[in-house]
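Below you will find one chain, with nothing else, as C-alpha cells; this is the form predicted on its own, and questions on how it binds or moves follow later.
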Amino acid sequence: MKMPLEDIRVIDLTHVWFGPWCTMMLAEMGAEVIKVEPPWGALGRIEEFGRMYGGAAPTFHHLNLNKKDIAVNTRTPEGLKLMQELIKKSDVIINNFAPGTMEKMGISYDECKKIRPNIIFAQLSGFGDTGPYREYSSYAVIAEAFAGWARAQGDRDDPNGPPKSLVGALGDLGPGTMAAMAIIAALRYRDKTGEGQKIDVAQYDCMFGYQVMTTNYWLSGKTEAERRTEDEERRKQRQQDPISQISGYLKVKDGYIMTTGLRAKAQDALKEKFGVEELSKELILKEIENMTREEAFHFFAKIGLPTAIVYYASESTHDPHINAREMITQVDHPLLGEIKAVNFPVKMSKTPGTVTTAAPLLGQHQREVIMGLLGYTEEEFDKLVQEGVIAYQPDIDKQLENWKKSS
C-alpha cells in the first residue's frame, strides 16, 4: 500500500469551503474522490462571486486538488439513477447541503443503505441533523459567532467595541478537518465490523468544541467580563515583566515581528547580549528598530524566544522553511498550464499524502466515470448529454489531448 486511502472511493457532493476541504484531505491521502457538480457548475465557478482563473475561483483551485469531476443533474430520474449506480461502487458519500436536501434528492442515508449497506454517509451542515436550529442555514462566520470566537476576537481590541470575525474561514476549515478525521475513523470501524454508519458534523458543534473559554467559565463560574475585571491587577503585574512587555507585535525596519513566551533563559540571554542588568521595552525596541524582519526574527529565535516574521500570505510562499518542508508543489492544469499548489500539510514516513492533480474542469472526468467506471455505452452517454442529464463539452477531450501533447 502506497497511500492509506488508496482503496477508498468517495462521492463528493460538497461546495464552498467546509465540505471541499474535508474531501480534499481524503483525496490527498489517496482516496479516489469524484466531485459531482450540477451541469451549470458549483459556486466556485460563478463569475459574479469574484475573479476567475481557468474557469474557477482561486478558492476552488485551492480546495479541490486531486479530485475527479462529473457534472450531473441529480434532480432528473436519469441523473438519480446515475447517482445510484455510483453509490453502489463507492465507500463514502459526503455532502454539506442543508439537512433534508438529500432526502428530497432521493439519496438519503436510508436510501443509500439500501443501495450499499455498508456505506459511510457524512452529513456536514451548520447546525447538524438534530436540535432546534437544524433547518437554519449557516456559514463559517455564523458558527464562529455562536461559539464565542467573534466576541473574543473583538474583545482583544476593545471589550466595549464590536465583535470581529476570524480571518480565513476557520469555521469551515476546522470542522472540515474534524469531518475527515471522523470519516477515517468510520472506515477503520468498517474494516473491523463490516458496518457503515452516518456521520453528522455540525460547524457549531466543532467550533464550540474548539472554544476553551467554555471550560474557563465552568471552572470559575464567571463570565469573560467578570474575569476581565478580576484579572486587571494581574495583567498590570505581568506587564511589568520585561519579557511580557515585548510579547506581541514589534515594529522593525521593514514591518513587524511577533514575539511571545515567558522564558527566563531568554531574558538572561537578552541581558547578556545588551550588556544590561534590567530589560525594558524601550531598550528592546531601540535595539531592533534598524533591524529587518528577518534579522530581528533570527536574533530573538536564536536566543530562545518564540518569534515570527509577520508575513502577508503571498510573502509566506517564499519562506525558506516552508519550501524546505516541501509545502509547495506544482501541478498541471489543462487551461492554466503548470501552477503552484499547497502540498499535503502532514508528513508521514510510510504513506505520505501527496498532491498530484489540479482542481478539475467542470465535467472533466465524465467519460472516465460514467463509461469507464459505471459501464455506460457511448450511445447511453450521448443520450444523457442530449437530454441535459449531464453537462459535457466535447472540446474538453480536445483540450486535454492538446495539453498532454504540449506537456
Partner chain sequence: MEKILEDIRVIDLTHVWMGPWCTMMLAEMGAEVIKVEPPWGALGRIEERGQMYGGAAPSFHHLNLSKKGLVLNLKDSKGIELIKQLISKSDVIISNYAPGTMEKMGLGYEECKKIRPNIIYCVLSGFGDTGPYSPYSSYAMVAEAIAGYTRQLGDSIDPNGPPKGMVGFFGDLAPATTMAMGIIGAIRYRDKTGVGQKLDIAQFDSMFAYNTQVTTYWLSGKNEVQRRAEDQERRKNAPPRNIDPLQQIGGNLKVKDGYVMVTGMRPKAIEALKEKLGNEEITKEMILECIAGMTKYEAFHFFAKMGMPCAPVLYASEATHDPQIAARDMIVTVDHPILGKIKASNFALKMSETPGTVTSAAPLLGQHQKEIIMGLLGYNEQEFNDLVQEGVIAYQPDIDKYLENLNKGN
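As the structure is a computational prediction, the values presented were derived from the model and not from experiment. Residue numbers count along the first chain shown, from 1.
Another form exists, predicted together with its partner chain; not displayed. Remarks below refer to it.
Contact check for residue 370: no non-hydrogen atom falls within 4.5 Å of its partner chain in the predicted bound form. When its partner chain is considered in the predicted bound form, residue 151 lines it closely, a heavy atom lying within 4.5 Å. The closest non-hydrogen atom of residue 25 lies within 4.5 Å of its partner chain in the predicted bound form.
With a 4.5 Å cutoff on heavy atoms, residue 199 counts as touching its partner chain in the predicted bound form. With the partner left out here, its partner chain still marks one of 281-289, 77-85, 319-327, 268-276 in the predicted bound form; by a 4.5 Å heavy atom cut-off that stretch is 319-327. With contact defined as any non-hydrogen atom lying within 4.5 angstroms of its partner chain in the predicted bound form, the contacting residues in 153-187 are 153, 155, 156, 157, 159, 161, 162, 163, 164, 165, 166, 167, 168, 170, 173, 174, 177, 178, 179, 180, 181, 182, 184, 185, 186, 187, given in sequence order.
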